[in-house]
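Only one chain is shown below, in structure tokens, and it's the form predicted alone.
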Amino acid sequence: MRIEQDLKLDFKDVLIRPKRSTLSSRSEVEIKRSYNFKWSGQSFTGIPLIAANMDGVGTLSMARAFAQQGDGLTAALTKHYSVDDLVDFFNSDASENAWYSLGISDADSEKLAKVLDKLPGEKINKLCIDVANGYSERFSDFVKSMRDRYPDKTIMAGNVVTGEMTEELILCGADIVKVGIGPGSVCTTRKMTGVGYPQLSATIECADAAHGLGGLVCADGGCTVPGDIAKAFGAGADFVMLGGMLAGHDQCEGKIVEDENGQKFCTFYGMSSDTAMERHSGGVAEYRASEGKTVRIKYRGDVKDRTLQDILGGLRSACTYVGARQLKELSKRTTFIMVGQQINNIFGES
């Protein structure tokens, strides 16, 4: 047993310090990024925000809405769609804005092969290999096998929270490493297991490790307001994945209920929750516990009407406060200042 005493921070523990700027308007800020991926040889140009591969978020409808937006936003599809549904979708123009998601089971690999057999090879060019715990040897081996099998496909893999495992996954063939254990609004992993890592520090450390090897990172989880997204990019994230901030919209394909006061609500839940496991696996296996929760959130209408405007507008505004004319400059111009409880923990109550 050992205790690390280095300070670790979450998004709520910091603010971004403003700096002098020559920008006169938010409209001058370019929030699209362009990347060439290390292993696949593919490229990306667009706003680097990704809808999480969760029920009610990573939906076909969300991917279609992002395609209509035209800004290069992408959605990681939930892995629970049928083969036929996926084939129909990836035969459409909206598929350019989607990641095909899978786990590491034999069934996941077989399903992917079935979908690919029914499509031209280039139709699916982005894979999101997603597990809750990316630290197992089996996971690293699976990423390597997928890179060997699909050398021209961009692979995003995770989740991990430390630099050494980020490096391991990149060396195994991941173009992007997904960073985050326990920060999500409907994730209870930290509570149930005591395992996790503050998301801001995880992003900083994993980005440093990835960039040294020519890889990229996606900060996954912990963003509850547009300012958190700005902090994630300021910390060095190349992509940011959103769950709860995109839940509750028309594109979420879930049931909308109305209470006695006429207020509309949607259900949102973690993919390790009782709700998710009952829906997709017939219940919680006897050897594990639920590590997610189910919540009711207010219905928000079409994601394009206000939510995306608030998110993208907040990100542009953050850039103007530090003088970043392009999103890629934000991390170079970001200075974080600690606020609130973290200061009290270090220096004591005033």
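Since this is a predicted model, take the numbers as computed values, not measurements. From 1 onward, residues are counted along the sequence shown.
Below, we turn to the form predicted in complex with a small molecule, even though it does not appear here.
Exactly one listed residue, out of 242, 209, 143, 170, brings a non-hydrogen atom to within 4.5 Å of the small molecule in the predicted complex: 242.
Put simply, of 234, 248, 184, 215 only one has a heavy atom within 4.5 Å of the small molecule in the predicted complex, and it is 184. With the small molecule left out of view, the stretch that reaches within 4.5 Å of it through heavy atoms in the predicted complex is, among 220-228, 162-170, 252-260, 113-121, 220-228. Put simply, residue 156 is far from the small molecule in the predicted complex: not one heavy atom of it is within 4.5 Å. Taking the partner from elsewhere, residue 201 is found to have every heavy atom lying beyond 4.5 Å of the small molecule in the predicted complex.
Although the partner is absent here, residue 324 lies well away from the small molecule in the predicted complex, with no heavy atom inside 4.5 Å. A residue is said to contact a partner when one of its heavy atoms sits within 4.5 Å of a partner heavy atom; residue 65 fails this definition for the small molecule in the predicted complex, lying far away.
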